[in-house]
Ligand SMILES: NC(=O)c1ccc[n+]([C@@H]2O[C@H](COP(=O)([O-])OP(=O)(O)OC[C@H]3O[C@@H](n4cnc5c(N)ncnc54)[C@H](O)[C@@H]3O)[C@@H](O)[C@H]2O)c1
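The chain below stands alone, shown as structure tokens; this is the form predicted alone.
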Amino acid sequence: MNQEQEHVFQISVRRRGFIKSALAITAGIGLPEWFLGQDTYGASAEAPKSENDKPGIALIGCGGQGRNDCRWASYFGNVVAVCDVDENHLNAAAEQFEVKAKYKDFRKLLENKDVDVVINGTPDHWHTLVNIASFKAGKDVYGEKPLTLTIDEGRQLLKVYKETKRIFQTGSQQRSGSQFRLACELVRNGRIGKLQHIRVSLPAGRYGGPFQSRPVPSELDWDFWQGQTQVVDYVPERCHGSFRYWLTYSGGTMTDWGAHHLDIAQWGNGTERSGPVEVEGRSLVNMIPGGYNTPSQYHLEYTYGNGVRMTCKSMAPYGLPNGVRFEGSNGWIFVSRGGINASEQELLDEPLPAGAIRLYKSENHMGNFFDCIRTRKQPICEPEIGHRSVSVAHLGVLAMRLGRKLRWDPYKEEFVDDKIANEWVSREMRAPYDYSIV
């Protein structure tokens, strides 16, 4: 067996192991037999036939999530370059993926002709600029969620995406989970009657502080890490792992977990390319001055143009399960990463009829992305869908910050007769880390 044959054999073994694991998992998450009978499991992309069939992959943002994404991507291509503004993260990724091409500036990496695909694992406030720069450099991109820091960033991203015609997958991987697709197909086909209410439960965020400034670690380019945001003293709790609990860089669990569950809510509601028309909400706690400032516990109410109401709550203090519950005139369906159940088992057990609405089927999120790189078809979570899902989360964060009901036009993507709220749709970017950098 030569080297290329050995490589293909090893991928085949991994794929068979993945299929076996997936089948075992589905037995415990409540999928009905009729649905399992029509499904197959495994990566939707074929195993590369040879080394020449494998695109060159670059990882930008080498923290834990970025390296995990890149590990999955490495089944479908060759990792040829890594980039991070933290030398420790950079060196860890270079060692893990056995690459010599290391960069601190992502713009230099994008000049590398061996790079075909970018895995964007940067913090949230860098997502848009890295994605846009990658599009302009002719790269296809798998970008971590949430897609953007602001609603306006999503509009700017979509403009460049359409101009460059690249392939992009938002990392909202629940769309490639069979139980989530089943739930949304059942709801879209009226299995629970007329959809009336969606209840989304998200993990509570962090609560803590105040935190003290510290000297910047020698391995970290703190100015570059801060990017478009205002300059502040280095505080370890603002950086790796916990940046998402600061409004400067993210939106807390609303934009973190919300980018997953609100995406499923939109899918089941048939509004994945639009959004709600009203939102109001409140933080349930007073955050500590000088500490994390994204609300750790909250309650939000949304209204859609089709009359559906959506409640989004943090799991604490309500003691709610983590997931999405669709409630209709004839029952309810609850779906989470742990499985799917319903008010009556028959709601799940009865097969959908011929001619029923069927949704985009992806069996593996990263595999779907690489399959679309080859076919140039749209992946399951292309950027308009990612933009619309995280816009729902951004609207919730803005409603809490402004402390009043907001009316939203999802087609014009602006607040209705509300000049102050519309000023929050975008943020000023700090030079030189603004759109001029790309």
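The numbering used is simple: start at 1 and walk along the sequence shown. Bear in mind that the values here come from a model prediction, so they are computed numbers and not experimental data.
The protein also exists as the form predicted in complex with the named molecule; that form is not presented, and the subsequent description refers to it.
Asker: Could you spot which one of Arg166, His299, Arg191, His89 gets a heavy atom to within 4.5 Å of the named molecule in the predicted complex?
Answerer: Filtering the options by heavy-atom distance leaves His89.
Asker: Though the named molecule is not shown, can you say which of Val85, Ala133, Leu158, Leu195 has a heavy atom within 4.5 Å of it in the predicted complex?
Answerer: The residue from Val85, Ala133, Leu158, Leu195 that makes the contact is Val85.
Asker: Which among 208-216, 313-321, 224-232, 150-158 is in contact with the named molecule in the predicted complex, heavy atoms within 4.5 angstroms?
Answerer: Result for this chain: 224-232.
Asker: Please tell me whether any heavy atom belonging to Gly270 falls inside 4.5 Å of a heavy atom of the named molecule, as the geometry stands in the predicted complex.
Answerer: No, Gly270 sits far enough from the named molecule in the predicted complex that none of its heavy atoms falls within 4.5 Å.
Asker: Would you classify Gly386 as touching the named molecule in the predicted complex, given a 4.5 Å non-hydrogen atom cut-off?
Answerer: No.
Asker: Thr122 versus the named molecule, in the predicted complex: is there a non-hydrogen atom within 4.5 Å?
Answerer: Yes - in the predicted complex, heavy atoms of Thr122 and the named molecule come within 4.5 Å of each other.
Asker: Can you work out whether Gly171 and the named molecule are in contact in the predicted complex, taking contact to mean some heavy atom pair no more than 4.5 Å apart?
Answerer: Yes.
Asker: What residues in 374-403 sit within 4.5 Å of the named molecule in the predicted complex, counting heavy atoms only?
Answerer: Going through 374-403 in order - heavy atoms within 4.5 Å of the named molecule in the predicted complex - there are no hits.
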